[in-house]
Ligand code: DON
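Just the one chain here, the form predicted alone, laid out as structure tokens.
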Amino acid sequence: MRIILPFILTLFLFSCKQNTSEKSQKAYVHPSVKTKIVDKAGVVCANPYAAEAGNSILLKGGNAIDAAITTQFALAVTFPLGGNIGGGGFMVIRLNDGQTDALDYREMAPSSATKDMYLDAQGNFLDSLSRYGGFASGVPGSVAGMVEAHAKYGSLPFVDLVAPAIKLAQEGYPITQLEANRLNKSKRIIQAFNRAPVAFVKEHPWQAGDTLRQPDLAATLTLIAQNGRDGFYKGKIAQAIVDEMKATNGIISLQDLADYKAIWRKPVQGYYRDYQVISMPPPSSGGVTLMQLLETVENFNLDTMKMHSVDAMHLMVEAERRVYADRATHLGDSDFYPVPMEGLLDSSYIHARMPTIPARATPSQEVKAGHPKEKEHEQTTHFSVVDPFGNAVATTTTINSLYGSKVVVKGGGFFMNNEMDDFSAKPGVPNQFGLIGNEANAIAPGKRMLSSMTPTIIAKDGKWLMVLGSPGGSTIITSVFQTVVNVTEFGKSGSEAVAAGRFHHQWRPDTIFIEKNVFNNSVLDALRSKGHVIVERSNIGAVDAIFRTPKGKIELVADPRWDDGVAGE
């Protein structure tokens, strides 16, 4: 068993304290400052500079895929805690002719990974090993994904798509108060896992308006722009990644990097009432779980209930409880495990899981995964893009935790992911998001870890209607679910749907998590009387979405909880 750093426990406790403190800094911002009505096209993402970069490509005549690629690379600069080239993600595409596609560039377990690599001699899960340092990193896929997306759908030269990110890294950009807080609180732990000075740490505390310049990242992006995937998976940067892995107990090899491939997959598609839902298949759990949730509540009269009413919340929580139990047992990388997709998405199976609305909360220990028919044969960020031609792209990417594994590749300028924690290191033992997994998501060489990322496009009457997704670990799926029903069932506008308070249940723990100071106390008391356990927490999710308005306009909506921004014309 590899031992990471002797003070890992101290750092872990510091990180927990840091996260609690950080959450208290966050506050709601009036949603009007995050919304823009446009006529043609736009981008919504976690940082306004990245949104402007993506929109600049649309203004040059690029399509939605071009703009998504630019936004991805720009977020690698302007959103270092989650935007990335050291991680991976998923892209869902709907073209103007109705064709759909899904790109999987999720991270992979290195070739020398083993099923029990995070267990000690007694079989105990050593969670620090899967969360901090090089041993926590999977093989990154973001660069391969962007190159692959461009090869199939890009219209402008690849070098032009990376150029805005290079400029942002070279010249720098002013950080917000929230980003300053995060960097200041993460200073000690970032220093602990890096051999050399990094751009994210400075002697004096960061302040809002300070310029963050990243010359090493600019050089890396330049190599990618000039050489495509070989600029990252071979040569100087590949060697720098491997050197960093060796220095921090990581196991990614040059061969692992050379062998990585982004994969085109068939999207999860189905209908919720008369809305077409297009989302991501495994190794994302998002599409399957979202469809199960929508199919469950479709069987009841949710549209006759009020948003955040006792009846609506009780129904949605009971659906979430059963669907997350299925997720824990049946979902994983379908290239390694026979995921029963058809059975999980079968309407009769879904309706049988909850044929009536329970009068009281169903204790989670009494809820088991179902038995669908076999198939015959978590920091994260989301961005949404639409172009003037009618194409739409929903993309969610991640390095998992805040600043990933905390390891910055020396000379490369980017954080590596800690996505190995998304595997089920030991059946029945929760990961950092409290999610429980089993054999379907066990570690294996070359396998892609299960994700909650849910990039989704909703279409109606032959056109896209919503493009959305969210970060938030296990809360991603429920954040997307609630946003969709806020529009389709409760008649909310896009900005109202995104700003509305959120709640979350994931089977285990048997708890409804709610955002603070949002829900009516009488509603919460009534839910408790039904047997629900309720715990307040900080903001849930960060939905960045685009909606088509009833008048045919385009409503760009950045989540008002955070620093996210919009750009469009």
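Position 1 is the first residue in the sequence shown; the rest follow in order. All figures in this text were calculated on a predicted structure; none of them were measured in a lab.
Here the subject shifts to the form predicted in complex with the named molecule, a form of this protein not shown in this document.
Would you kindly say which of 494, 80, 145, 471 lies with a heavy atom within 4.5 Å of the named molecule in the predicted bound form?
-> Of 494, 80, 145, 471, the residue with a heavy atom within 4.5 Å of the named molecule in the predicted bound form is 471.
Only one of 479, 279, 214, 452 has a non-hydrogen atom within 4.5 angstroms of the named molecule in the predicted bound form; which is it?
-> Among 479, 279, 214, 452, a heavy atom within 4.5 Å of the named molecule in the predicted bound form occurs only for 452.
May I ask you to check whether residue 380 falls inside a 4.5 Å heavy atom distance of the named molecule in the predicted bound form?
-> Residue 380: yes, in contact with the named molecule in the predicted bound form.
The named molecule contact in the predicted bound form: residue 72, any heavy atom under 4.5 Å = So residue 72 does not count as contacting the named molecule.
Taking heavy atoms only, is residue 244 within 4.5 angstroms of the named molecule in the predicted bound form?
-> Residue 244: no, not in contact with the named molecule in the predicted bound form.
Contact between residue 84 and the named molecule in the predicted bound form at 4.5 Å, heavy atoms?
-> Residue-level check for residue 84: no, no contact with the named molecule.
Contact segment among 394-402, 249-257, 129-137, 115-123, judged by heavy atoms lying within 4.5 Å of the named molecule in the predicted bound form = Flagged stretch: 394-402.
Residues in 94-121 with any heavy atom within 4.5 Å of the named molecule in the predicted bound form | The stretch 94-121, when checked against the named molecule in the predicted bound form, contributes only 106 at the 4.5 Å heavy-atom cut-off.
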